[in-house]
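Quick heads-up: it's one chain on its own, the form predicted on its own, in C-alpha cells.
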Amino acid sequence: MTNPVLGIDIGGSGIKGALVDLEVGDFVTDRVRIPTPKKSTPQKVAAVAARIVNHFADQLDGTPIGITVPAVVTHGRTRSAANIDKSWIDAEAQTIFQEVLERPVLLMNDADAAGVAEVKYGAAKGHPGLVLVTTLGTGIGSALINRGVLVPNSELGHVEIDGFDAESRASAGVKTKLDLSYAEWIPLLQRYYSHIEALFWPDLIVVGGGISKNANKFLPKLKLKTPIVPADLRNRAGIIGAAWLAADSLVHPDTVEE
C-alpha cells in the first residue's frame, strides 16, 4: 500500500476526517468526527481541522491534505457559503488553512470531491464518457467529470427552472421540509433531471446524498434517456475524493496555492 492520504470533509454540522488508501479507495482508519463550530468562520473551522490533522500526524507525509467545503472554490478562494458562516465568501480560505495546519492543503467544493470519488472508485468507476454526479441533500450539489477529468464548480443545483432555483423545488431537503411523499417528489425530480439532461447530455448520472440509500423508491420512476444510478460511496465519498484530488495535485502542482 502506498502512503495513505488524509481527507477532511467540512459540513454544516460536522467536520470529518480519515486516512484513505488510494489504491483501493477506502478508509484505512476509523473516521474522526468533530462538531462544526456554531460560528463556523474559516479560522474556527481550520482550528477544528487542525485537531483532526494532529490525530493522524504520525501517519502523514508531505502529501497535501484534501479538504472539502460547501462552497465554490476557485484558486484557493471560497466564493460562496452554504450551511457555513458567510465570512467564507471571498475568503482566502486555502491560505488560512495552510497557515493554521502548517501543511500543504488543497481546498475543493464538496460535491466535486464526492463526484471524483464515484468516478475513481464508485458507481461510475472507469466510465469513459461524461458523468454527472448529483448529491440530493439540503440543496443539490453537482460534479461534472468528462473522461475522468473534473470540470469544477458546476453548481447545477442553482439552474433556474420554471422561474425557481432548482434546489429550492427538487432537493431532498425540500422533500423533508414539505413532508412530500415519494409520489409527490418524483415529478419535481423528473423536471430537474430532464432539464439538466437536455442541457448537458451526460452519458451517466449518479445520485448521491443520504436519500440515495432509498434510491429504489424513486430512481426507477424517472423517465430519462440517460442511465441514472445510485452512488456507491455515500457519506465516505467526500473524504475519499478529497484525498484523491490532494494526491493528484502533486502531479499537477499548479492546483495548490502557495
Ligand code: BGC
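Just so it is clear, the model here is predicted, and its values are computed rather than measured. The first residue of the sequence shown is number 1, and the count goes up from there.
What comes next is about the form predicted in complex with the named molecule, which is not displayed.
- When contacts are judged by a 4.5 Å heavy atom cut-off, residue 140 counts as touching the named molecule in the model of the complex.
- Put simply, residue 83 is close to the named molecule in the model of the complex: some heavy atom of it is within 4.5 Å.
- Of the heavy atoms in residue 111, some are within 4.5 Å of the named molecule in the model of the complex.
- Residue contact with the named molecule in the model of the complex: residue 42 places no heavy atom within 4.5 Å of it.
- Heavy atoms within 4.5 Å of the named molecule in the model of the complex are found in exactly one of 102-110, 117-125, 89-97, 177-185, that being 102-110.
- With the partner omitted here, the residue from 209, 202, 70, 64 that has a non-hydrogen atom within 4.5 angstroms of the named molecule in the model of the complex is 70.
- Interface residues of 133-169, taken as those with a heavy atom within 4.5 Å of the named molecule in the model of the complex (partner not displayed): 135, 139, 140, 141, 155, 158, 167, in sequence order.
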